[in-house]
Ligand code: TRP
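As a starting point, one isolated chain is supplied in structure tokens, in the form predicted alone.
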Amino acid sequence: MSSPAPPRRVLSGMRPTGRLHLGNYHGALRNWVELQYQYECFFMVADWHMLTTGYDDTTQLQEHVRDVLIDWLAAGLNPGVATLFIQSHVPEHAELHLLLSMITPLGWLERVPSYKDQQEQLKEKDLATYGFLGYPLLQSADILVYRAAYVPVGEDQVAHVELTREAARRFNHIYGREADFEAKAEKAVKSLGGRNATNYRALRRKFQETGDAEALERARALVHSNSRITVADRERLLGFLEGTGVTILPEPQVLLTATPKVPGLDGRKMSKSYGNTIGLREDPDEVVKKLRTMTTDPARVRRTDPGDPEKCPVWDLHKIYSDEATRKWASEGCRSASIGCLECKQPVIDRIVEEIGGMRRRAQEFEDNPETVRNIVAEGAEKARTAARETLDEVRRSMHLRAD
């Protein structure tokens, strides 16, 4: 029998693209700092994922991995509470990815929304590689190897978790069912009657080959509406569609997290690719200089022109950093032109400089003691490997890759 899944385990990670910025912090890292005291958290630096788009130049990879780890620690991730590790230090990720790739339909990977989106956004890169096509399944392996109950994501990443759920369901269906499950399921199909049996098989094939959610729902409805079959056969038919039996790889749940809009200096989303970021360890004087020249409401050409806070990127920063009284002052002052844009920015500048100053001080301690960071990573990898090995032992046994 399978071991029960840890009920409150969380897995998440970041690709090492270099030092982190405020968008990374408020988009994910700040939430992780809170989650680590509520769940059993595993946080990984996803260096293998970095290779899916950046395989052609890895010269700075180790520096970027180190920078991300130091930023995590400076932001408040606690290695005494959460497990911090580097993906490639836990080879079980790669083994589970390989094993899942043997049973995952190609169509499931091709329909992941980000597959075509990133190819369009990164036209200058050659992404016609197996690694790029398969990276969503590697993400699934990252999650499933720890049998994580939850994955904290924003709305735009829900599709990746759904693929993970489908991969787990298919694995359990193939390797976790009763010994004569298929024969009993085929007998149950025949008991549906000629036309219904034909429809069931066609819908099942469509779902299994293309992941068509509508086909799955229609097949479920067909089974539930048939009063001629036994309860046991109904469960078998639903399992034949979805995968039931021993749950070797539990299906993770989405843990939707608040992701406030963090504008860059030019008003667009804060991103390294736009060159509009404020780093978590940036020099305070440089931060002040950047924010003082940050884009504001284009309607305020002159000091006396009234503005609309909802059209000003600085207002989004007020929503993150200012209390209600300060937001009211900024909103009313903007609309009435009783304050200028520099006045409006000042409370935000003060709060950001204060926040970054604290992170800079904490980061310096780890920069001065690289051995401490190496020890944290080594201990994290050992904890992660212990959990991953338990999963792979069960996976190998269920696939008859090892003797009982």
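The structure displayed is predicted, hence computed values, not measured ones. Residue indices: 1-based, along the sequence shown.
The same protein also exists as the form predicted in complex with tryptophan; that form is not shown, yet it is the one meant from here on.
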| query | finding |
| --- | --- |
| Of V395, M14, A387, A381, the one that lies within 4.5 Å of tryptophan in the model of the complex (heavy atoms) | M14 |
| Selected contact from V153, L99, V262, L192, since only one has a non-hydrogen atom within 4.5 angstroms of tryptophan in the model of the complex | V153 |
| Contact segment among 350-358, 66-74, 44-52, 363-371, judged by heavy atoms lying within 4.5 Å of tryptophan in the model of the complex | 44-52 |
| Distance check, T104 to tryptophan in the model of the complex, heavy atom within 4.5 Å | no |
| Contact test in the model of the complex: Q139 vs tryptophan, heavy atoms, 4.5 Å | yes |
| is_contact(S88, tryptophan) in the model of the complex, heavy atom dist at most 4.5 Å | no |
| Tryptophan contact at L249 in the model of the complex, heavy atom, 4.5 Å | no |
| In the model of the complex, residues of 61-84 near tryptophan [heavy atom within 4.5 Å] | none |
